[in-house]
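Just the one chain here, laid out as structure tokens, in the form predicted alone.
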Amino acid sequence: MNTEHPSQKTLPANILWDEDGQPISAEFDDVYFSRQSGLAETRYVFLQHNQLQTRWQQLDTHQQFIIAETGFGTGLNFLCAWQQWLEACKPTQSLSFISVEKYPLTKNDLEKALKLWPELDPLCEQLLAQYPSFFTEGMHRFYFAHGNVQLTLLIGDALEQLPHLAQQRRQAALNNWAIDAWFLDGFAPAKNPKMWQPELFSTMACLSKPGTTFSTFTAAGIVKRGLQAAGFSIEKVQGFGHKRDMLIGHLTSNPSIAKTIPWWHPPQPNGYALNKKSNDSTNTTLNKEAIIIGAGLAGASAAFSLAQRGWHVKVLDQHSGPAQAASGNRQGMLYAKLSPHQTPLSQLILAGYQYTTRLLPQLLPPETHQGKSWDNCGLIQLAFNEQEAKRQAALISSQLFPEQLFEYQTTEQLTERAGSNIQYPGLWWPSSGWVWPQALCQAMLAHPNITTHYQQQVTSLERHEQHWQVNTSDRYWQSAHVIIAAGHTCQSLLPDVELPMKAIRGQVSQLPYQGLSPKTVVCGDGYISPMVDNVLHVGATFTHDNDANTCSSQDRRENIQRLSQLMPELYELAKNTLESDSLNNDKVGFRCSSPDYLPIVGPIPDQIPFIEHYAPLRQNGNTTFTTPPPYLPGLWITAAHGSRGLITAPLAGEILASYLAGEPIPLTTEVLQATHPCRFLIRGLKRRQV
């Protein structure tokens, strides 16, 4: 992805197979690994010559090690590194593996290629279990080994994808993270010269720190000269197999640091301390404890992402269990409304949709939860009016998205999908469906590093030296890190910070099963979901400036009326029993939303010093700054997910955990700015409204 927003489509690798069953790239007419032994080649070229075994034995107890790779290919390098990591490292340490791939293998081709290495079968099975049936361009994150092994795939051209990470590192806190070792792989320079460019080597340097190592199978002059020009030392050593030479080396100098610091510059994770063994601030230990206020989708997601990184998290909630407020519906829809213009909101929705659909089968295994806690039964988006029809037509004509994500279908095709008469054409999302938010939250909060404390109404937050004190009616908790995830009540805990959040009332109606149920989720101006527990759910209303938490007969009538658009046959059945139906099973919730309909995720500003710091923006919106923004140290927020919580909240948990852990964030800086809590103050200053 670059600033011109190219296609989210990505072409799968075109694989040819030789007589020994080894994969060959048709695009580059080159092998994926040595014909002698790909396994031995990986261990020699990348593991041995980056001295991984020795370096991993010297890691601190909670330290993370980051490997970056050009060319994921069959995943062989990742699997070998993962295997050696499990043998060498402690459960408290973590491995982050970042790999870029322009032409990812299909799942079938990957499975066939990995059958060449039976000794890797246990790891291959785990990789294949999460490997998607298709990719879109951008960053995709996966977890293995109880969260201790993190794989981030950058799908797209290396010269476009790696600069996104470089921008984070260049303009963010340089002492938060850096690549420790590079696997400079990919097809040979003679076969793929477009990758082996000076821009690649300079980007590598930006992502590295002094001492970062690299190794590569090639000794080509263009590679040697490019790495030297970028600041790497070069040594030529014996190559693998028939190759005479290969290159190894390390970065000898500090990468360039941006002279200006952006307003979205992340804070130094509160709790980091210099390692006693080194004066290098990149070598740190961290107080890995946090308190999260709220046990809905936002809070549970943040807790789970931190727990996966070895953090110990306390979750406080005023209710008797998780997902009792806005996340409390029996069925939530995985509804992804995309734009053909690749707005930050559309980018976030696409990334979040894919992350959630990968996460669900891991947390809620289909063999025990399918049809009960979630169901990937598919989802229909009806072109129910002229505006929606134009949006869908623009999506299709843009050719930005793979047809495996969604496809246009006629009324006849959608009628067959739904199992009932559908009166509009629309988009069919085969991997979508519905989720029981409470079951998802319970699965997240069941992580052993998480403790939950219910019926705890937080009354205030107080800052005490190096920690926050979270007060409830009868006790208090303390931590250096606090995440507020309390929906539309977040503002009450931030009396000195104004974040423009609003509560939007919504009512979902429950209908008794009367012999007719859609086979899939049907969405138009509202939704109807397949039967669960012998009832159907239809909704939902959107009411501003209404804080009534009791169910409304008018809202129920409005929901029933929606059926005339969604499923006319069901409407004819439901309208006859409308007056006799009880409101007792309807549910009212309050969505938390922001003025730009994007979530609010990240560090919370110290408002008065922040405004004073950025006051020059009132006169010149292009003013640059050389000092970091003032934040309330250790205080974070994830809120305003609106009706998209199932799609955006789990990814927001990853964003926050990446911030706090001081690691690369799996989104572009454009999306990070668009979701940052400080964006409202910056806009207000530029418009002279603050």
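What you see is a predicted model, and the numbers here were worked out from it, not measured in a lab. Each residue number is its position in the shown sequence, starting from 1.
Below, we refer to the form predicted together with a small molecule, which is not included among the displayed structures.
Tell me, which of I528, I483, L297, V601 has a heavy atom within 4.5 angstroms of the small molecule in the predicted bound form?
It is L297.
Consider the chain as shown here, without its partner, and state which of N329, T218, T452, T213 has a heavy atom within 4.5 Å of the small molecule in the predicted bound form.
Residue within 4.5 Å of the partner: N329.
Please name which of the stretches 363-371, 489-497, 113-121, 99-107 has residues with heavy atoms lying within 4.5 Å of the small molecule in the predicted bound form.
That would be stretch 489-497.
According to a 4.5 angstroms non-hydrogen atom cut-off, is I293 in contact with the small molecule in the predicted bound form?
Contact with the small molecule, yes.
Under a 4.5 Å heavy atom criterion, is D317 part of the interface with the small molecule in the predicted bound form?
Yes - in the predicted bound form, heavy atoms of D317 and the small molecule come within 4.5 Å of each other.
Within 4.5 Å, heavy atoms only: does M204 come near the small molecule in the predicted bound form?
Contact with the small molecule, no.
Indicate whether the small molecule has at least one heavy atom within 4.5 Å of a heavy atom of A351 in the predicted bound form.
Result no; A351 lies far from the small molecule in the predicted bound form.
If the criterion is a non-hydrogen atom within 4.5 angstroms, does every one of A166, S346 and P666 touch the small molecule in the predicted bound form?
Zero of three within 4.5 Å in the predicted bound form.
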